[in-house]
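To begin, one chain is listed below as structure tokens, in the form predicted alone.
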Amino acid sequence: MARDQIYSAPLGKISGFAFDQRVVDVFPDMIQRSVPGYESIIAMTGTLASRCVAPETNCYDLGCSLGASTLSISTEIPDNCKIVAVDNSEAMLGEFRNILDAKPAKQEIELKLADIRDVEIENASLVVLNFTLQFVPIEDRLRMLKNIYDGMVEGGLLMVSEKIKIVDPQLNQIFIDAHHEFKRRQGYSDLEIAQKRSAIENVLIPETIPEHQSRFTEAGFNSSSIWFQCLNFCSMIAIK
């Protein structure tokens, strides 16, 4: 696993964060050292899939990156299901294709290069948005969730994992500071933390848990719940 050193040297101009080849090359290290609880969320994605995915239905991994969620789901669902893994980064999908070529899955896995806002959802018993909704413009999020809802079967499960904003400003700052300390303990320098924050602050737009849950309801979902939280990162599920 290549080590993330993208922001280790001073940068004169910091461009907006993008999932380009530089990020693809270090992505597993980057996300594990940046998101507390990431491995637990990925493992539980498969466990929750085993509880809700019906035979001959589809699963969607929207914003699949290198396919960690897809592969977790694949180990737990019937062989006659199909997984559609979607990303708008050609570099990400290219590397994911190499991973699948080296170790094929039991199910059909379709890799789709597309904007996740435009994907047609069909016969879905599971839709996963693991750390991807936060990159969708806020004004497009409800429309996208309604599109997902319309394409799901009754009893289908939506999983949304996100970096979140805490309602109380004081608690929000405590969690932000604790997250930065987490990253320091994973080997990131203060320079790396600061430059990454500058690159991502206008690209990743977090919202509060009540905002997410209100949107789930407005999109049509019957109920929703948080099932995991560590500092300012959480994962939620919603049921059709």
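All of these numbers come straight from a predicted model, not from anything done at the bench. Numbering starts at 1 and follows the sequence shown.
This protein has a second form, the form predicted together with a small molecule, left out of what is shown; the following refers to that one.
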Quiz item: Going by heavy atoms within 4.5 Å, which of 71-79, 148-156, 98-106, 131-139 lines up against the small molecule in the model of the complex?
Solution: 131-139
Quiz item: Is N123 close to the small molecule in the model of the complex, meaning a heavy atom pair under 4.5 Å apart or at it?
Solution: no
Exercise. Give a yes/no on whether S65 approaches the small molecule to within 4.5 Å in the model of the complex, heavy atoms considered.
Key: yes
Quiz item: Is I42 close enough to touch the small molecule in the model of the complex, meaning at least one heavy atom pair within 4.5 Å?
Solution: yes
Self-check item: Touches the small molecule in the model of the complex: F27 (any heavy atom, 4.5 Å)
Solution: yes
Quiz item: Exactly one of I31, I176, L48, A194 has a non-hydrogen atom within 4.5 Å of the small molecule in the model of the complex; which residue is it?
Solution: I31
Quiz item: Using a 4.5 Å cut on heavy atoms, which of V84, I116, V160, I164 is close to the small molecule in the model of the complex?
Solution: I116
Self-check item: Check all three, Y38, S89 and M92, heavy atom within 4.5 Å of the small molecule in the model of the complex
Solution: yes
